[in-house]
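In the block that follows, a single chain appears as structure tokens, in the form predicted on its own.
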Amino acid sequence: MNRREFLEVLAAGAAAGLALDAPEAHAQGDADALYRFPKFGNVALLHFTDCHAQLLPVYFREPSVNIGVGAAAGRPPHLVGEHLLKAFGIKPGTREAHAFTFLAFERAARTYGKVGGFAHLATLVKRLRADRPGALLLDGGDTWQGSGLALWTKGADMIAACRLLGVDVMTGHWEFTYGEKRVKAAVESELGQIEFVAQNVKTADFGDPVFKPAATRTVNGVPVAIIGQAFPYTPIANPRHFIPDWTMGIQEEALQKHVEAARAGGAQVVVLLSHNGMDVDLKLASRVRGIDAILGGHTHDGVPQPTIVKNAGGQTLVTNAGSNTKFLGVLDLDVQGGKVADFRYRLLPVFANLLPADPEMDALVKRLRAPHEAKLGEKLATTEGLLYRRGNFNGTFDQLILDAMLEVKGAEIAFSPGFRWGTTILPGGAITLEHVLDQTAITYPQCTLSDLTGERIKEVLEDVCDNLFNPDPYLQQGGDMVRVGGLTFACAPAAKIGSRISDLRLRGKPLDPGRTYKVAGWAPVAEGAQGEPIWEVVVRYLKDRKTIAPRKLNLPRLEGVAGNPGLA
């Protein structure tokens, strides 16, 4: 950004009421205010989750739509924008407001810079551990997937980075999409000091545990048990044939037994390292006794403070620590008389321009990327608009993928999965192959073209919508709504199953239930699907255009959600 552009950003920010001070002038003060705070108690837990293989700092826009229904309406994590700031007492226009919301995203991103990156995260972890001897670093999973480099190395790059970072315990989800053999080999021979825990992953034949259910560590003389909870619906949300011999599920009764066993074994602190998603964790916390804290992930919700859930055994803290190494959770516990007496919690945004890169981690990241740097950096096009993913119904990068499928595949309608991972590109930025892979790097990337009836199309939309908006969290799967191209529709999130989707139209005409339509999609969970990788489709589209105009989002007409604080 040149001087004229920078001054324009400051002027625009001032006009919008944003406190967009020059970061160079206040960086040290901002760093001190964010990252220097007194330790509390005698047990410290550091937690990150859903980094999705992002080794470098990135831009990442938080959602402007995160609707809660039923008991979840109007409570964390279903708060966006000003509603979130008000609920947690965050001052508008600050670094923290930028970290936790989408508000004035482009201006704030240009002012405050990128977030995350393992070298910057490593610096923060080391600083916190220096003040908190014995602090445990917990990884909530979705670590080995989400970038081109991770796909090409089958997660080996992330394993090396996490070992150097000093991760103590982790659980998983997208890790399983590399297949049973790869995951077992990594756990048995590559993780080093990292313990992989998952109480709810068992063999399909005899129900034997596949991984250790829990890890026990002693922190400053206090026995701490960390129980793992992998994503319960991996065999449904992802291809079953990748893990044919394993079963999952929430397994609430088994979890209760593990908690009781940990207590009987002397644990004074019991933590669930969870990849359930926050809504599931909130319900779980109300039903399972004896868990002091749930450090949660999967739904990518950056929630500034824990929710305290009462249950028959007392109370449980429920947290969720965002994604893309954008945040690091710090839970300080004061353990007295064999139990948690008090706590303090901070969810720290990892601002790359406030935290110098750790030299050792920076060198490792450069070494890992060096053989692939030229390929990843290939410039495909330039974007004139903001490209992002995240939000219940669509994002501009999702729209770009839809537009590419419609044109390249010659489809009438296009579906793109409601994945929540994927980075952001500011207007004027180059779209590289790495950016495309940040949105598409999976082990089942086939782009397909199918004949579907209008009736079947509605059934698909209803089914995915129920996964997102079922009022029972145990029946949700944690992703966002399938993105839809070419087709318009209305959606009533709070309606009953089978009645949420209506008024489906193609080019303004009602969708005919009995007619067959050409539908493009990608990421098929069925075994044997054929098609070119989705990134090839998007790359072809980008190279043909070279300049990408701002995307117009194809969004459903929402019904029955007026005033919902999950809607900006």
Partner chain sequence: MDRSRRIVLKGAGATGALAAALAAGLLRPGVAAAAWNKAAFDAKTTADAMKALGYAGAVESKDIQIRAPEIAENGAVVPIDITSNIPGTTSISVFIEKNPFPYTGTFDVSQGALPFVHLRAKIGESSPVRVVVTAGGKHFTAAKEVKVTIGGCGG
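As the structure is a computational prediction, the values presented were derived from the model and not from experiment. Numbering follows the first chain given and starts at 1.
As for the form predicted in complex with the partner chain, it is not shown, yet the points below apply to it.
Novice: Only one of these stretches, 321 to 329, 159 to 167, 202 to 210, 79 to 87, has heavy atoms within 4.5 Å of the partner chain in the predicted bound form; which one is it?
Specialist: Every other range fails; the passing one is 202 to 210.
Novice: Which residue among Leu475, Ala430, Ala341, Ile308 has a heavy atom within 4.5 angstroms of the partner chain in the predicted bound form?
Specialist: The option sitting close enough to the partner is Leu475.
Novice: Have a look at Thr448, Thr247, Thr94, Thr382 for me and say which one sits with a heavy atom within 4.5 Å of the partner chain in the predicted bound form.
Specialist: In short, Thr247.
Novice: Taking the partner chain as it sits in the predicted bound form, is Glu378 in contact with it (heavy atom to heavy atom, 4.5 Å or less)?
Specialist: No - in the predicted bound form, heavy atoms of Glu378 and the partner chain never come within 4.5 Å of each other.
Novice: Can you check whether Phe100 is within 4.5 Å of the partner chain in the predicted bound form, heavy atom basis?
Specialist: Close contact is absent here: in the predicted bound form, Phe100 is far from the partner chain, nothing within 4.5 Å, heavy atoms only.
Novice: Taking 4.5 angstroms as the cut-off for heavy atoms, does Gly418 touch the partner chain in the predicted bound form?
Specialist: Gly418: contacts the partner chain in the predicted bound form.
Novice: In the predicted bound form, is there a heavy atom of the partner chain that lies within 4.5 Å of any heavy atom of Tyr112, even though the partner is absent here?
Specialist: No, Tyr112 stays farther than 4.5 Å from the partner chain in the predicted bound form.
Novice: Going by the partner chain in the predicted bound form, which residues of 443 to 462 come within 4.5 Å of it through any heavy atom?
Specialist: Heavy-atom contacts to the partner chain in the predicted bound form: Arg456, Glu459, Val460.
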